[in-house]
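Here we start with a single chain on its own, the form predicted on its own, put down as structure tokens.
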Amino acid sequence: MLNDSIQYHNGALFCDSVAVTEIIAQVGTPVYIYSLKRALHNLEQIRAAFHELNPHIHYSSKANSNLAILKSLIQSGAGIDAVSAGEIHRALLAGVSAENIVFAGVGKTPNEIAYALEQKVGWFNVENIAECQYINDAITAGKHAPAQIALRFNPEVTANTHPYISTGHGGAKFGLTAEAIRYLLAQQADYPNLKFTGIHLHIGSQLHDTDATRQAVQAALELIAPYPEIRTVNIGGGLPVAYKPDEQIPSFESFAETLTPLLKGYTVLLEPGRSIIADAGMLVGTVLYVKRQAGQIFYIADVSMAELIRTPLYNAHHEIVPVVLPESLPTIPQGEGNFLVNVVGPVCESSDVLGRSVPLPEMSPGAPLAILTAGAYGMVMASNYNQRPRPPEVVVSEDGQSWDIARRRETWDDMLSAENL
């Protein structure tokens, strides 16, 4: 959605002080555009909300792993939450200190564990009993320093969110039960190379109330109460973002007010991702055709589920707006003057729909449109389906005055480079 960084000026959409039309005139569409200014603002808002806990904030790089974004957040004091060796490698290239990396993930491979130990990452968030043995043995084999471990607790709390991004209930693949954690802590002598000093929990993304998080944190604190050596609590991410103008979500301050009384006296880690980068980004495309069929209007655009799969995958909602407003509509079109249209892509799938019944003005082929709040789980989930090159990523500078191509558009040769011809 629109915010202080992504808004209209004189009927044209801007990213900070840069006109979107200026970017697409030089780069073309589809293209992702990000505001570093907005991302840093969001980071500071989270830091301020939780200031009483003085948390260590580790940006969840799976949300958006663009190097320019990582560098900017790291320079502003964020660590990194990584869920693969590839994300660790990228974070190190972006300049993070290895000790400020948390390595999470339910299926770490032996090679990934060995790589993380070689790099001396700060934390392992462990989700399987056997994983402790793998890490312990890898330390012995590689003569690495002991590893700091946070056990990921599955509190069997169901979050009020989409089932695909709810991770703390009993049927999810994530985390360890209370029984498994008690077993591991009773058997610490079996893992002499591991330091069990933290508890980790993450019950899901896009949390729409604070109570489930409170329940989960309370359960975690009760679980670790008999173990005075565990003084670090990693409460994961999950801070929500509004994707609709009328969507009611708890503020960062609401989560902080709920959790601060529980967590005073502990070292606290936070792993926000979406809440930092989602509303700092947009995906811009161009209308290719206007089709009227079966009583419906279709705007067929050059942007598709290959570039943004969230709508087909989660039935996610993104506001879609014209880049240039008609002269008769000096503000965002709502109601009169609009048509309800389906914005669809060119990919050969019926599910390639980016928005249904979207209120948009009459637009002609060649008109650009913007899919908002697309900074998180957009480009990182993009694919080459239908042999579509992935789009470029443009980053608008921290002062909002200039822009650069942070990642160029892929070519057909790029897509073929790993194959034997």
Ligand code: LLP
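It should be emphasised that the depicted structure is a prediction, and the values quoted were computed from it without experimental measurement. Numbering starts at 1 and follows the sequence shown.
As for the form predicted together with the named molecule, it is not shown, yet the points below apply to it.
Mapping the unseen interface onto this chain, residue 381 counts among the residues with a heavy atom inside 4.5 Å of the named molecule in the predicted complex. Mapping the unseen interface onto this chain, residue 373 falls outside it, with no heavy atom inside 4.5 Å of the named molecule in the predicted complex. Contact annotation: residue 60 falls within 4.5 Å of the named molecule in the predicted complex, judged by heavy atom distances. Contact check for residue 238: a heavy atom falls within 4.5 Å of the named molecule in the predicted complex.
Note on the partner interface in the predicted complex: the residue among 154, 84, 72, 205 having a heavy atom within 4.5 angstroms of the named molecule is 205. With the partner omitted here, the residue from 339, 314, 134, 252 that has a non-hydrogen atom within 4.5 angstroms of the named molecule in the predicted complex is 314.
Annotated contact segment (heavy atom within 4.5 Å of the named molecule in the predicted complex): 60-68, selected among 60-68, 355-363, 22-30, 47-55. Not one of 14, 37 and 285 is positioned with any heavy atom within 4.5 Å of the named molecule in the predicted complex.
For the partner-free chain shown, 271, 272, 273, 274 of 270-303 come within 4.5 angstroms of the named molecule in the predicted complex, judged by any non-hydrogen atom.
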